[in-house]
Every structure is written in C-alpha cells, then in structure tokens.
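As a starting point, one isolated chain is supplied in structure tokens, in the form predicted on its own.
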Amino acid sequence: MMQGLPLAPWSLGFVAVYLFSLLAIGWFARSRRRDDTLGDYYLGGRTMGLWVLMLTLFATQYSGNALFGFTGQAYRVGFTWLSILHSMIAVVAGYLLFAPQLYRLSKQQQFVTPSDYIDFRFPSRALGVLVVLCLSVVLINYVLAQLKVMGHIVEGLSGGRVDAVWGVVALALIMLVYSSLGGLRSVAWTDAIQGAMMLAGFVLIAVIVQRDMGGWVAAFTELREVAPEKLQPPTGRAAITWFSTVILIGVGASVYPQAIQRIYAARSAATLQKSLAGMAVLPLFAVVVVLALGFVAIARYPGLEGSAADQVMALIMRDLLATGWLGHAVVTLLLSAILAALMSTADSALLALSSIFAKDVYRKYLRPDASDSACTRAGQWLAWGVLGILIWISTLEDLTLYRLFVLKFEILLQIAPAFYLGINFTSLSSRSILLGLCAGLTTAIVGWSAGSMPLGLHPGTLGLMANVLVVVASHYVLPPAQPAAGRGEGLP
C-alpha cells in the first residue's frame, strides 16, 4: 500500500527516532510509579489528568488502521459512511449514561478491571467467568489485528527492505518494554502524544487540500458531477444498516475493557466529565477530515474497487508529498502517528488483558494469597507469552482467525447491558444479566457464522435486542433471586 511513497531519508529517520523515544517515555513513567500495587500499575495511580485522559480515550477509540479503513470505506460507499461519525459521537453519549456513576463506584470499591464491577454488582461465578472469557477473546483479536497491520506498514515504509515479520517483532519489543516499565502511565502518555500528532496532521491536511490541491469546494463540485449517487443519503435497508452501525460501534466501543479502565483511572469526577465533553468534539476534527478525503478521492482517483479502495489514503499521501516541504512534513507526522496509534491500541489491549489475568484469573483462582507485585508479574508474563504467539500468528499469510475480528463489536455489545442497565437499575439480578448475555451471544454468534443481516441489522444488534428482551422478561416474570450472602445485588 505504501511502497510507492517517495519518502526522504530524514522522514524515515524521524519515524525511527520517534519510535525509540517511546522507550524514554517508558523509563520516565517507571520513575513516577509510587508503589507496586495493581492500581498503580494498571490504572496509573488513579491520577490521570484532563488532557491525558481525553487524548488517551480518543486514541483508544481510533486505531492506526482506521485512517486507511475509514477513508477507503468512504470512497466505496460515499455519504452512507457518515454513520461512522455518528457512531463515534454515540460512544460519548454512551459513556455519559454510565461512566460518571461507574467512576464513583470504582473509587469506593477500588476496581481495577471491568470484571471487578461485574463481580461486585452481579456476584455470580458463571457470569464472571463468561465476561472474562468474552473480554479476553475481544482483546486478543484486537491485538492480533494491530500486529497484522504493523507488519505491512513497516514493510511498505522500508520499500520492502524490512520483512513484515521483523517489523512486527521490532515494534512489539519496543511496545512491550515501555508498557512493562510504566504500565498505564506509559500507555496513556504515548496515547496522548500520538493522539495530538494525529489531530495536528488532520488539520494540516485540510489546510493543504484547500491551499495546494484545488480546494474543498471544487473537489465536492467535481464529485457531484462524477458520482452524484455517492452523495445521496441512505434509504430502506441501507438506512437500517446505518442505524445498526451506530448502535454496534457506539454502544460496543463504550465498553472496551481498556476504556473502562481509563474511566477508573481519572483523577476526579470533574476530570472525567470534562474529558468526555472534549471527546464529543474530537471526532469533528478527526473523522470529518478523513471522510472528506475519501469523498474527494472518488473523483480524484476513479476506478478503485473492493480492497483497492484501501489504497486511497496512500494515494493522497503521495500527492501531499508533491506539494512541497509542508506536505512532506505532514505525511511524516501522520505516518509516525499511525505507527504509534497501532502500538498504542495494541499495548492498551494487551495491558487490559494482563490486568484481567492478574486480578480475575491468577489471584481469584490460582493464588488467592498472592501479593499485588506477584499478580503484576504474572500478568506481565502472560502478556509477553500471548504477544509472542500472536506475533507468530500475524505472520501467517492465510490468517484463519481473520473473521474473528468481526466478532469484536458483536461480543462487546452483549456485555453492554451489564454496565448500562446494571448501573442505572439497582434491582436487576445477576440471573437476569446472565440469561440476557447468553441469549445475546447465541444470537450474535449464530448470525455472524451464517453471515446473515436480516433487514440490514448486524447480528450483534439483533443479539443486543434479544439480550435486553431476556433481561427485562426474566426480571419481571421469574421469581426474585436471593441476594448473595453479605454482598447484595444492588448498588450501595
């Protein structure tokens, strides 16, 4: 995709220096650690400030390959892909429905992982095990997706001189070192840097298109003449799919395990609320520019079909390089941010997986008397082992796990009722949530396996409907469940 970019040696040098500077961030984050507790390592001591929290939440929602994927999809389907902008805003709306209450509860009960909330609110071993399994599958697939893209980008940037395998290994080692040194501090600080770089790159791209590439008005005028159908709003089945996409991504992404942990890590309730307010604005800078580039590319690079449309962003970067030093600087900045975003997305998911193993598996089932430092080491060893396996899998040409990536939001969507409904309706029992989760997962997985989308609805959206229906029905129809001894099943 990017082997044709005529990058200057100084550009590649900048990318290399930036990547290795992440190690310095990890070392500095290590020096700021206060103790060896799980809360300090996995939540940064619960002291995350406004700007870091806002940018790390932003980076959590936008993986590096989204820049290429969003632009390519906008090229393929046109106006209809504006649903992704609504989805990103829906993520913030979703946060507002449960995040402030969840934050206050996490402060009282010292939650570290998403499962800590589940165990406290719905004390059921079966539900806890199922949630841990679902979150682990989601996180493993998420890391694997980022590694696969990392290898291709490094190979492309080097003009084929660096094999994808060694590119993945090198970036994974850098990622593991800084995240192991500083925990969430390292991850959040690198998130904040790459998020700021990507936002700056988007703004500069918008300026260059207006100044050096004919302007936005002329580009959309040409699009209206060349492909007017791409500017039409969706109707019928397409409109239903638009709505389903907003639900699938908006609700699913709001319960990312790594996003839940960032809610726990906020310095204060006010910091969290201000960060969410900022998150509502950031998509206007990021997604709008990316989508607009995809729309403009329809007329500028006609004839790209299927997966070839994913080359659109690379073609735009090639044209940006031709505009002069500023275009070259912007492309260099964006490529650095993309690689950092891939690493930040992967290390966020890996850190969340490590915390789930350390707290919800190792301490709960293997060594109940283990100290926090021992649990942290166990989580780190698991992260190293899982990453090694995933590096090997990511290098396979025939990646048999690829279709599992599609399951990410389908599965996350089924966990959402435990947070959305559990926080706001204190009388819900663990039995209702467990039955709903089983019904939702069954519906989503069966629909995904069959590749069906009845009426244009995603299997995960149908699963969520079945999930909520079963939760409500079991709550009102079945006899009340007895609360667990000493715990209760409502919020305090």
Partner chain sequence: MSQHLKSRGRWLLLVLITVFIGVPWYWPGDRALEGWLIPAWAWVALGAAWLLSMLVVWGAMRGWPDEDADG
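Numbering follows the first chain given and starts at 1. The structure presented is a predicted model; accordingly, all values stated were derived computationally and were not measured.
Another form exists, predicted in complex with the partner chain; not displayed. Remarks below refer to it.
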Location of the partner chain contact in the model of the complex, chosen stretch of 322-330, 341-349, 231-239, 357-365 [non-hydrogen atom, 4.5 Å]: 231-239
4.5 Å heavy atom contact, residue 220 and the partner chain in the model of the complex: yes
Heavy atom of residue 101 within 4.5 Å of the partner chain in the model of the complex: yes
Interface membership of residue 439, the partner chain in the model of the complex, 4.5 Å heavy atom rule: no
Exercise: residue 259 in contact with the partner chain in the model of the complex, heavy atom 4.5 Å: no
All of 38, 245 and 382 within 4.5 Å of the partner chain in the model of the complex, heavy atom check: no
In the model of the complex, the residue from 255, 391, 149, 92 that sits within 4.5 Å of the partner chain by heavy atoms: 92
The single option of 423, 428, 462, 52 touching the partner chain in the model of the complex, heavy atom within 4.5 Å: 423
Members of 272-287 lying within 4.5 angstroms of the partner chain, judged by heavy atom, in the model of the complex: 272, 273, 274, 276, 277, 280, 281, 284
